[in-house]
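Here's a solo chain for you in structure tokens, the form predicted on its own.
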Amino acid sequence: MPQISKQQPLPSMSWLLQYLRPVKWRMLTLMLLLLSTTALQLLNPQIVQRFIDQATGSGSVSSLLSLAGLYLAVAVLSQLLTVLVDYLGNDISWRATNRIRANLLKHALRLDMRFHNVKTPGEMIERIDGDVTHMSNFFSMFIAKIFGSFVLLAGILGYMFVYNWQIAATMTIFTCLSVGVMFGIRDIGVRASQSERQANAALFGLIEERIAGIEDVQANGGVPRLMNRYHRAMRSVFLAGRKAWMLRVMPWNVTVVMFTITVTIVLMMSVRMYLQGQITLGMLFLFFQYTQMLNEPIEQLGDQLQEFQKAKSGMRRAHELLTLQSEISDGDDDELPQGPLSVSFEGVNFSYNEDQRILHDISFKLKSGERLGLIGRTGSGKSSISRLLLRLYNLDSGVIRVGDVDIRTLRLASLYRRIGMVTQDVQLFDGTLRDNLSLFDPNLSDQKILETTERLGLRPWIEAMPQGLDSRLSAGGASLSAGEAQLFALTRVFLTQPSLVILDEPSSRLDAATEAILQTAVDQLLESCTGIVIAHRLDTLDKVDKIMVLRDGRIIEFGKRAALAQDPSSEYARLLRANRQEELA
């Protein structure tokens, strides 16, 4: 499995722009709206200044009412523009970040099983959704608000230099120092924010694992121990979150202190000039108001830098995931012979990790249309053979051929189109019966689905449902029996019309009556394709052509079923005798 580096550089701008490019016109509109809002913000204090000067001077009532009406109109327009800015910003955010989520999910689904074996679903949810949520502000408001903040700062300082260069110089020094400090320590909380996200991912992974195993937890009295682990994980989240927050707010705290000092200086200078008759009362208000307004873009810059630190950690983790490459490389060949596919293993060795080899020098040949029964104790390597056929893992050495074609040269999509697999644990999804049977394929007609379910004996059950194929199933299929779930899985395979079918102990949890129904469906399925049946129950292998017995990852016996059954010295015959004795007992 590819290793994840602890320290990843920030993704390049081209990586970010690919998500902003589709919303570039919305971004431009957002910036224009922000410019308009900024202009209105600068205008309002000047209206108030004129109102005060006219009210304390010789201004007429009509002019005062006009200024009040203008102030009200500007305030209403400013509020409308603010609502539009928020709406457009969120629209940009969702459009951009949903593309990132989709790309992350698509990429994660293509990574090999070695990666997924060490990642819990909870951690993957945090990677695909949690990290991206913290990036949403960057794609919606960061660029626009940073731009708007600098425009507002420039406007305020420009006006102040027109009115009084001394106060303007004081405000400029404060602005430069504040912005310099904030940008100088802008990355101080990034690493802590990454640790916070990792702590959250570990917590979500713990919750997901324990909910998935709730029966075992309750049956074995594991709730107190689980809660103990939960509290430890929550403490890690709290400590990591507190540290990240304290570091993220440091730039803002620095600017608050500097702003307080600057406001005091400007106010003292303005009052002094007013007492000396150099400025009017309205101008005094204007200076004070502009000083107060100066804090808004500075504070906004601080807030955005805090959000950027969160987004930066999310960007690194998202980019880190997207740069991982699966060890399963796609081939270029699309061609496989028509009809049932032959299978051959040639000197195959395989291990899930370097310390323990699972399969040792596996070699066998299965002709087109033949059925192979695969038996052996738990851990003997049966399921590993099926996983290798589907290229869920790479071989350590050797060659696997399907239809006389090395599977490493085939496109994965071409391989999956021709191979079907039914596992012991059938995955059912939150959706309609149609969605679960077709796996969300819109090209499969209802008629095709119903014809297939009728062949498998599942149609009466479907027609008894309140809405037929439109009836909904909950995730996990709690409303289905084990037999119905297995028939669901067989129907899925039937609908794909595969040339090679792998049945991984499909009847291990079924009673005798349901198993008989399932066996009839399996016989129909294997009539037109090559089959590999992995089974503990030997009576499910009565119709296979060949038997392979595995022990500790090695083939100890391989041959025609009838011949091995009649050979009293064979391992298969010994297992049959032991099975009969168990039934008699």
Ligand SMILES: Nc1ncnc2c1ncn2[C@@H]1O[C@H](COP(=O)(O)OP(=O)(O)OP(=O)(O)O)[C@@H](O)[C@H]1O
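Computed from a prediction, not measured in an experiment: that's the story for all the values here. We number the residues from 1 along the sequence you see.
Beyond the structure shown, there is the form predicted in complex with the ligand, which is absent from this document and is the topic of what follows.
Just give me the single entry in S414, Q424, S326, T170 that has a non-hydrogen atom within 4.5 angstroms of the ligand in the predicted complex.
In short, Q424.
Between F288, Y71, Y393, F147, only one gets a heavy atom within 4.5 angstroms of the ligand in the predicted complex; which residue is that?
Of the candidates F288, Y71, Y393, F147, Y393 is the one lying within 4.5 Å of the ligand in the predicted complex.
Do Q447 and the ligand come within 4.5 Å of each other in the predicted complex, heavy atoms counted?
So Q447 does not count as contacting the ligand.
Since only the chain is shown here, I'm wondering whether R229 would be in contact with the ligand in the predicted complex (any heavy atom pair within 4.5 Å).
Flag for R229 set to no.
In the predicted complex, does K367 have a heavy atom within 4.5 Å of the ligand?
K367: no, not in contact with the ligand in the predicted complex.
Taking the ligand as it sits in the predicted complex, is Q276 in contact with it (heavy atom to heavy atom, 4.5 Å or less)?
Contact with the ligand, no.
Okay, which stretch from 349-357, 74-82, 396-404, 147-155 lines the ligand in the predicted complex, with non-hydrogen atoms inside 4.5 Å?
Stretch with heavy atoms near the partner: 349-357.
Heavy atom within 4.5 Å of the ligand in the predicted complex - qualifying residues of 371-393
Residues within 4.5 Å: R377, T378, G379, S380, G381, K382, S383, S384, R387, Y393.
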